[in-house]
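Listed next as structure tokens is one chain, alone, in the form predicted on its own.
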Amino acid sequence: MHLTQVLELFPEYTVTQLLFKDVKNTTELRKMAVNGEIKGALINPSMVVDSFQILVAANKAVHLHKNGKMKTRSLYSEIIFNLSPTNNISEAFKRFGISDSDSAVHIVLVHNKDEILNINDIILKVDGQQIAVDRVSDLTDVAKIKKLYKVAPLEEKCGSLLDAVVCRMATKDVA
């Protein structure tokens, strides 16, 4: 149900993704994340095309964290910020973070490979149905993503929506 991957460039770090639908306690989950009771990024899955998009954002966040170049206060807020095509932090949280009215949540955890992570503790905090991470596209709002990332119809003829999104995420800092 969850997806755990070692970061290629930072093999000491592992990224674990969990996906839930029919969530009834998003307000409570947001408060837990703010208070540090959930050490993870809580992402709105309607803005996620594929789990690879999350992996790219997490990899970039770890890179910036290790180099002391983060634009936000924590590794998890940096993941949310890195999903955005713009450099506006509050806009990134509004679009990619969860809101009280959301009924789905994509949870991203970054931990040292040696660290023991009790995923069940997090699963028990979510009042919703866990689904396989590879089903995130079932929750994706394609029209909203195309509009936000300004994906042209012609662009989709030579590549996928995921390609367009990841390209914009990777190049937003390039001047």
Partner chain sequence: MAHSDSVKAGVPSYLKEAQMIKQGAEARVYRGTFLGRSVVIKERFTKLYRHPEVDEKLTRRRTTQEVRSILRCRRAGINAPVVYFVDYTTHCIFLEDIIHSVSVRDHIASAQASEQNPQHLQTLVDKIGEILAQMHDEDVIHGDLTTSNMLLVSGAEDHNMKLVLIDFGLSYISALPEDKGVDLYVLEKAFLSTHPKTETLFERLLKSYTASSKKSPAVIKKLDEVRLRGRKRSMVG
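Here the structure is a predicted model, which is why all the values come from computation and not from measurement. Positions refer to the first chain, counted from 1.
Heads up, the form predicted in complex with its partner chain isn't pictured, but that's what we're talking about next.
Asks: In the model of the complex, does each residue in the set Val56, Lys60 and Lys150 place a non-hydrogen atom within 4.5 angstroms of its partner chain?
Replies: Every listed residue reaches its partner chain in the model of the complex, so yes.
Asks: Examine Lys69 and determine whether its closest non-hydrogen atom to its partner chain in the model of the complex is within 4.5 angstroms.
Replies: Result yes; Lys69 sits at the interface with its partner chain in the model of the complex.
Asks: Tell me, yes or no, whether Ala170 is in contact with its partner chain in the model of the complex, where a contact means a heavy atom of each within 4.5 Å.
Replies: Although its partner chain is absent here, Ala170 would touch it in the model of the complex, with heavy atoms inside 4.5 Å.
Asks: Does any heavy atom of Leu3 come within 4.5 Å of a heavy atom of its partner chain in the model of the complex?
Replies: Answer no; every heavy atom of Leu3 is more than 4.5 Å from its partner chain in the model of the complex.
Asks: Would you check, heavy atoms only and a 4.5 Å threshold, whether Asp22 touches its partner chain in the model of the complex?
Replies: No, Asp22 stays farther than 4.5 Å from its partner chain in the model of the complex.
Asks: Heavy atom within 4.5 Å of its partner chain in the model of the complex: which residues of 1-39 qualify?
Replies: Contacts from 1-39: Leu7, Glu8, Leu9, Phe10, Glu12, Tyr13.
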